[in-house]
Structure formats: C-alpha cells, structure tokens
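Take a look at this single chain in structure tokens; it is the form predicted alone.
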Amino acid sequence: MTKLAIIYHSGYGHTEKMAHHVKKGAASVDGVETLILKLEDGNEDFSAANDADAIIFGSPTYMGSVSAVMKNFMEKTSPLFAKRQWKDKLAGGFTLSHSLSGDKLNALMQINIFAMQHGMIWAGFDELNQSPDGEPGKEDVMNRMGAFLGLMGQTENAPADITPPSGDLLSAEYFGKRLAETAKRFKKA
C-alpha cells in the first residue's frame, strides 16, 4: 500500500477545502492510503507522516509567504532534517490567496525549498492553463492560475462554502491524483 500524507494549515477554511479536494483525488487511486493532518499552531505531532511515501504540503499565502503556522511547523521538523527522515519521499505543495497573483509563487518556493532541504523529490503541476483565449483565469477550468511549481488557487473574501471556484477544486483533485499515481510508481520501482 502506498501512503500519501497531506499536511496543511488553513486560516479561514479555504486551504482546508483545497486539502480535502487534494485528498479526494489521491484517494481515487487504487492502492493508495491517504492521511490528512491539519496544523492548528504548528506544534502538532506529525510523526504519522514519517511512514508516508509522499507528503503534500498546503498553506495559505499571507503577505507573500506561507502562514506563520506553516513556518513554525517547518522549523519544528529540524530533527527529521538532521536524521534525513524524509529523504527520497515524494513532495508537492499548494497554496491559495485572495489576489490572483498574491505572490503565491513565493509561498510555493518556500515549500519547495523546505522539501529540498529534507532531501525530498518534488513533483509539480503538469497541466496547462485551460482558460480560453480572451478569458484569463476563467473560474471553471483546470490550472486557471497557470502554475507549474505546484497547485495554486484563488479565493474571494467569502466563506469557504462559496470559494475557491470549481476550477481550483478540479485542479486540486487532479493534483492529488497525480501525486498519488507518481508515489505509487516510485514505490513500485
């Protein structure tokens, strides 16, 4: 059985909604067990992820960076870093912000560098932006943000039951499935 963990922080429920859609996509792959770990303050016991073959990290983008809770979590993994506990695990990341750009790329880069420091193997988003010409960022299409380092989503200042839009949720499910299938291939090899 291939194990995939999703570790995320969500301040207002939007990142949590994306995390559950990532999980839905990953869980759709036969032979993959998914685990979802929500960070409240970054001090939670995350040792359950140590047995995972892949870990997907999710954080809102606040002020062009991962949230303070996610950053706290990252720093708390130093003992794992020193022991190379997550070396050669597959990794991926996702983030959301209110603005279309919101400097989400910087947050994904922080997650990417964190994973690289742990010796993980990064998998990005491989689908093209499917917005039709003249309609950039169309809300119901795959990868409407045009991101490749990881999954990006955009939210309105509205409750999580309204936003993010359907295209971002579809992208989240695809991303979870992609990483689950990739982890399964890695484990088999």
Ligand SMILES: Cc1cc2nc3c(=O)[nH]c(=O)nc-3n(C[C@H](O)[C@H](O)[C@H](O)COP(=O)(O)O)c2cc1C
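In this text the structure is predicted, and so the values were computed from the model without any measurement. In this text, residue numbers run from 1 along the sequence as written.
Beyond the structure shown, there is the form predicted in complex with the ligand, which is absent from this document and is the topic of what follows.
In the predicted complex, the ligand lies farther than 4.5 Å from every heavy atom of H21.
For the chain shown alone, N72 is not a contact residue for the ligand in the predicted complex, no non-hydrogen atom being within 4.5 angstroms. Although the partner is absent from this view, K87 stays clear of the ligand in the predicted complex, with no non-hydrogen atom inside 4.5 angstroms. Of the heavy atoms in L96, some are within 4.5 Å of the ligand in the predicted complex. The stretch among 24 to 32, 54 to 62, 137 to 145, 118 to 126 whose residues place heavy atoms within 4.5 Å of the ligand in the predicted complex is 54 to 62.
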